[in-house]
Structure formats: C-alpha cells, structure tokens
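As a starting point, one isolated chain is supplied in structure tokens, in the form predicted alone.
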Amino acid sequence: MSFVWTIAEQHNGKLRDVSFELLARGRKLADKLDTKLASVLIGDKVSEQSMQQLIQRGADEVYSIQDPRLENFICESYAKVLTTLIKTYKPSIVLAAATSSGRTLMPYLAIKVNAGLTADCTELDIEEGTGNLLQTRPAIGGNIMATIKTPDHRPQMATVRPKSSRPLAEDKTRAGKIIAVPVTADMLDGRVKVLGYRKDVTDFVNVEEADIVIAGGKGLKKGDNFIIIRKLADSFKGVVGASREAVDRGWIGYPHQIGLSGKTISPKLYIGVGISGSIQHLAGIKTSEIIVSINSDPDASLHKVADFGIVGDAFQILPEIQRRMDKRNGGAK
C-alpha cells in the first residue's frame, strides 16, 4: 500500500475548488513518500477536460466513477464505491475535504474499511522513518493543537479544512492517467434517493467563498456596533466575519465565526476590526491574500501578520473609510 488518494468533489458535473486544494496537500505527502497521487472522482457527466484539470493540478492518476445514479451525493453509495476501490487498490492515505459531504462520508467509510480517521485537520505531514501520516487538528475547544497518527491500520484517513491551503498552479504540461472504473450493482445502495435540495437561509453567510471579508471582534464593545461592519462590508461587496469572542458574546451568529472553531477563509482581502488575533483566529485567515488589521493596541498579534496595520480607534477610522467608500460608489459625500 503506497498511493495517496484525495476525494474530489463535484456538483452538477462541475468540480468544486476544494478538489484542487486537496491535491496540493496530497502532492506534498506523495512526494515525501516517493509515491503517486490519485484523485477519486465520483459523479456523473463530469467532462474529461475537468479530469485533466485534476492532473494539471497535481494528480498522477484519476479514478473516474461515473453513473447517473451517482450524480448526487449519497453517503451509503459513495462509501460502497470507495470501499470497493480501497480493497482493490490499497492506498496508504485517503484525504477528503471537511465539507458537509466529507464530514458525512469519511466517518462512515472509516468504519467500513476498519481505518482510523482524524477530522478537521489544519496541517498534514509524514513522520520520518515510519511513513505514518501526522494529522494536526484543534482540540479542547480549539485551545490546543493535537498531532495524531494511526500506525496500526491502513489506509490512514483525514478530512482537511477547506481554504486552509492554496491549490497548486495549473501545469498543462503534466501528464497523467484517467482510469474509468465500471459501476456494478453491488457498488450502489438503493435505500436512499435524493428528491431535491432546500436552502437554509437562517443567518446564512458564505464566508468561506467570499473574496472580501470584514470581521469584527471584542474591540467593537457591543453587538449593536456590528451594524458598522455590515454597512462597510456592503460597500466593499463583501461579507461579515467575526472572532470567536464576538460570537460567544452573542453579538453575531456562529455562521460568521472565523478560526479553528469556525470557518477557514482565503479571501483576496480580509479586514479585521478590533480583533487581537489569537492563534486560533490567525489559523483561519492565514491564506488570505491581503490582511488589514485595525486595532488600538499596537502589540495586537493580528498587526504582526497583517500586510497593513492601522493603530487607532476603530470608531474614528471606520467612519472615514465608509465615507470614502460612499464617495467611490457614488453615494453620500
């Protein structure tokens, strides 16, 4: 057993970005183990061009399992497919995204193949000498980072936080193999059928996919002051994020929380207002392209990792930024 596998995700035949993020993680591990990296793609009507993208982003092989009955994610059927593949090809490591589907599928699959699983990892590495997968994740409410290994069973399995790493650059010169795996009746579970999807709009915010995130923390002093953050985020055509402290105080809902105990983000622009910058929060924003910190404390940890740090009173700075955004957008002067 040697291969490293990543589980690609698709919806309506289109690959999700997290598929490429996983390949970046898997490529690093496969190179350390001097082995091949494969991407497993389950779905229907996913184009060969999309599969070539997986190769161009780091995969050596793509296992393509295409069938109309696999168009929608059904845990039981996907697990049956993967169980069959794991028993046939015997990979050493299997990685999936810590998305709603990955968090549903991987625990179920781990039981089926008698493997260990570490969920919601932020870092992965290979142990020298043993080849064991070192899986680092937050523990005890995000207050410590635990490194876990499963030395006695294979494959070693982990889910990885979306947006915790950047995809590799596309390399159109890379060559790889696409392996079409035939679907047989015993690889499907007919007990569950997808009838449709219903969107949950209760305090929903897609902070993970946003290009611009403006986040507030304890320095805002009270929940009512998040109206300033919301207005500014609207001006930037961005979304509102928050520190754990702001959420714990009931100032804003959990879907906005950023950090190890919340969402991991990778926007083009992140602005943190009144956020000191705990280790847990910094881990959730570290792949942001540009980080701006606004805080009255010059020694705030967020200032130290920021591309731009503004030391001062947020209640004086934000109105000025808002005024300039209004002017830029053709609104109030």
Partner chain sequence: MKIIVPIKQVPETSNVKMDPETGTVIRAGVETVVNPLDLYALETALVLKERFGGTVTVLSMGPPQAVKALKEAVAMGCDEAVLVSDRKFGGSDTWATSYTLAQSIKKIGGYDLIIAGERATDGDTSQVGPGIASWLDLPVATYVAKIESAEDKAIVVERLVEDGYQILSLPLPCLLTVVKEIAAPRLPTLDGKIRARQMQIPVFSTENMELDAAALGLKGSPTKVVKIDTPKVTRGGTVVKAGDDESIVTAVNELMTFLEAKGIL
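Residue numbers count along the first chain shown, from 1. Just so it is clear, the model here is predicted, and its values are computed rather than measured. By rigid core we mean the largest C-alpha set that fits within 1.5 Å across both forms.
One more form of this protein, predicted in complex with the partner chain, exists but is not displayed; see below.
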Check your understanding: Are all three of His11, Cys75 and Thr99 close to the partner chain in the model of the complex, meaning a heavy atom of each within 4.5 Å?
Key -> yes
Revision key, fill the gap. Residue within 4.5 Å of the partner chain in the model of the complex by heavy atom, from Lys268, Lys45, Lys32, Arg69, is Lys268
Practice item. Tell me, out of Asp125, Glu170, Asp234, Asp248, which residue has a non-hydrogen atom within 4.5 angstroms of the partner chain in the model of the complex. Key: Asp248
Exercise for review: Tell me, please, which stretch of 108-116, 216-224, 84-92, 177-185 lies within 4.5 angstroms of the partner chain in the model of the complex when heavy atoms are compared?
Suggested key: 108-116
Check your understanding: Within a 4.5 Å heavy atom cut-off, is Thr130 in contact with the partner chain in the model of the complex?
Key -> no
Practice item. Evaluate Ser165 for contact with the partner chain in the model of the complex, applying a 4.5 angstroms cut-off between non-hydrogen atoms, and reply yes or no. Key: no
Practice item. Answer yes if any heavy atom of Lys286 is within 4.5 Å of a heavy atom of the partner chain in the model of the complex; otherwise answer no. Key: yes
Point to revise | Partner contact for Leu260 in the model of the complex: the partner chain, 4.5 angstroms, heavy atom | key: yes
Practice item. Take the rigid core as the frame of reference and indicate whether the C-alpha of Asp313 shifts by 2 Å or more between this form and the one not shown. Key: yes
Exercise for review: Could you tell me whether the Cα atom of Val213 shifts by at least 2 Å between this form and the one not shown after core superposition?
Suggested key: yes
Review point. Core-aligned, does Ser301 move its Cα 2 Å or more between this form and the one not shown?
Key: yes
Revision key, fill the gap. Relative to the shown structure, Cα Arg25 and Cα Gly259 in the model of the complex (3 Å or more change) are farther
Point to revise | Shift in CA distance, Ala119 and Ser266, in the model of the complex relative to the form shown here, given it is 3 Å or more | key: closer
